[in-house]
Structures are given as structure tokens and as C-alpha cells.
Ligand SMILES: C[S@@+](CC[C@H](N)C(=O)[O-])C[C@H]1O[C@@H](n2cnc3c(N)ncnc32)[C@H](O)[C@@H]1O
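Just one chain follows, in the form predicted on its own, and it is written as C-alpha cells.
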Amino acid sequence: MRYGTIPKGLKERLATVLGVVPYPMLDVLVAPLQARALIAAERAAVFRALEEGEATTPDLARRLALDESCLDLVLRLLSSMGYIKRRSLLWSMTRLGRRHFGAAAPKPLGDFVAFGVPQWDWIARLDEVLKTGRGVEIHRSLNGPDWPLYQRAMAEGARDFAAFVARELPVAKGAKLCLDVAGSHGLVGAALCRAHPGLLSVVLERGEALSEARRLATEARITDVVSFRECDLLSDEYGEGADVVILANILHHFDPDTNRRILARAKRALRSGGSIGIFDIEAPNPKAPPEAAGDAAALFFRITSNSACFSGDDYVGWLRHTGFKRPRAVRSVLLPSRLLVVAQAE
């Protein structure tokens, strides 16, 4: 996949064929401005306003206390991206826009987009990371309202893969206890519990995340199967007698030695025959052709940690080294660049 310019109309197609399109200028200016326009629109409640009905630019500017001329340019960019459309000077949401934005969105990503501001700041550190190799320790840089916004953004992302984990992670009949390590909102463990009645999930999370995590769990109506316990995944033991341990989107933050220690703690928390599931971004295959989505995700996580994404073979090897049995990687065409690795405790 290449995220980039798509010619529209005869003149643009002709310019592409003739090789006169200034791609570097467009890549440097257009893509960042589209991203920032999307972030600004969500944070200014533009989509919520359009969800209520069609509106002109002046109407929206008055309702939202925004500058009319700048708003109109933002709306035009959003329209070029396919999220809104204009007819007879009236702006309205498209099917794509309604899918992801607004209170009734079936696949909401508004919080993830709103969280683009701190993510933008992290990405701006790329020059420094490229020179020094030292990534941004994002969990230490978050403060104030960014913490709950981060958790809400991660909850939106988890809805994409929670059902996949629940379907593919083996759980023994009669299982009672799942430990969702650094699970924040608890949605992944909850999906597993819904798939295996009688199973209850305990989210192990840092103290500053617990308040918003509990609020998100209440909002998602999963508190009947999810509870929370404060835990430092790098220093505390996780417990004992668990039937399942989940590590979702966490191991890419740490180096291999640290990850092996985390897996050792997970193994000590599991009963014999218990299952572990690691879900994460997969490192690009060095032999595969470069592609925008997967490679951009890998670069993002390289910037935002002092480690990197890892391959399925890495996770399988660590699990074997830690004493887990039958480790294997599971992938889905619906979740490109991500994988689930499962294994059993001896």
C-alpha cells in the first residue's frame, strides 16, 4: 500500500503521465495538512455538529465559534478525504464519516484521531531518534488530560482485534481466571470472557491508568466480567493459578531481555496447561516489498519506544526459551501487519 496522491480528472492524469507532478512537495505538504485538518476537526466537534444534520460553513462557524474562512478550507480537505461532502453549499457526513465519527459511529475512531496531537509531537522527534536511536518513552511523557485520551484511543483500536484474540486464543474448558497484563480498558479480556462463560478477567495496570480504565469498562458494560488491580508489569509478580494471560500491544515497548522476563512472570502466574496470548504489531519481513501501512506502523513504534516491533519468530523463540509449549503465530488478512502468538504453560 502507498498512501499518496491519486490523480483526479484528465488534467491531473495527464500531468502524472508527463511526469510533471511534484510528488515530494505534495508528500511533505498535503499528507500532513490532511492529517492535521482531520485532528482539528474532531477536536473542534465538527463531526458531532454534522452528525446532527446538514449545515453551511457560516452555520458551523457560528455554532462552534470557529473562524469561517479557515473552517471552510478544513471542510474542503475533509471532503477530499471522503469524510464529508457538499451539496448546494450544505456540508454533510458521508458513509465513511458516519462509520468512524460521531456518537452513533459503529466503528468509532474519533478519540484516536483527537489523540493525534501528542502523537504528532512524538513523530516530530524522528530526526533525534534517527541520530541517537533513543525513542520517546511515551508513557512517561503523558500527563494531564492526555492519559485518559490515550486510553480511550487505545480502546477504540482494541475493538478491531479483541474478537480475533477471543476466537483464536485457546482456553481450557472450565477456565476461571484471565490476567490481562497492561490491559487498560479491559476490552480484550472481556471479549475472551464473553466467548468462554465462567471466565473472569483481571486487568493488571499502572496506578495512574486505573481511574480511566474503570470508567471505560463501565461505559463498555463489561464490569460483570472485568476487574482491576494495580501492578507494575516490570517489577511485580502477576499472581498465580491463572488459566490465561494476555499481553496485547505491550511487548514492542521493551527489549528482548525485558520481554523474556515479562514472559517468565506470565508463566509463573499460569497454572500448568494454561494459555498465553501475545498480540502485537509484527515487524516488517526484511525480504518483503516495502509498503506504507505496515512500515509506517513499525517506524511509529520505533519512535515511541526504546525497542522495536518484533517478528513472529522472535515471539515464538522467547516463548520456547521461557518454557512454554507449542508456541505458534496466528495471522488474519483482516488485521494486516499484526499477529497473535499463542502457547501453553507446562
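Numbering starts at 1 and follows the sequence shown. All values derive from a computational prediction rather than experimental measurement.
What comes next is about the form predicted in complex with this ligand, which is not displayed.
Only one of the listed residues (119, 275, 259, 249) places a non-hydrogen atom within 4.5 angstroms of this ligand in the model of the complex, and that residue is 249. Think of it this way: in the model of the complex, this ligand has a heavy atom of just one of 194, 167, 176, 139 within 4.5 Å, and the residue is 139.
Residues with any non-hydrogen atom within 4.5 angstroms of this ligand in the model of the complex fall in just one of 125 to 133, 154 to 162, 265 to 273, 220 to 228: 154 to 162. Mapping the unseen interface onto this chain, residue 240 falls outside it, with no heavy atom inside 4.5 Å of this ligand in the model of the complex. Within this chain, residue 206 lines the site of this ligand in the model of the complex, having a heavy atom no more than 4.5 Å away. Taking the partner from elsewhere, residue 184 is found to have a heavy atom lying within 4.5 Å of this ligand in the model of the complex. Not displayed here, this ligand is approached by residue 150 to within 4.5 Å at the level of heavy atoms in the model of the complex. Heavy atoms closer than or equal to 4.5 Å to this ligand in the model of the complex belong, across 216 to 242, to the residues 231, 232, 233, 234, ordered by sequence position.
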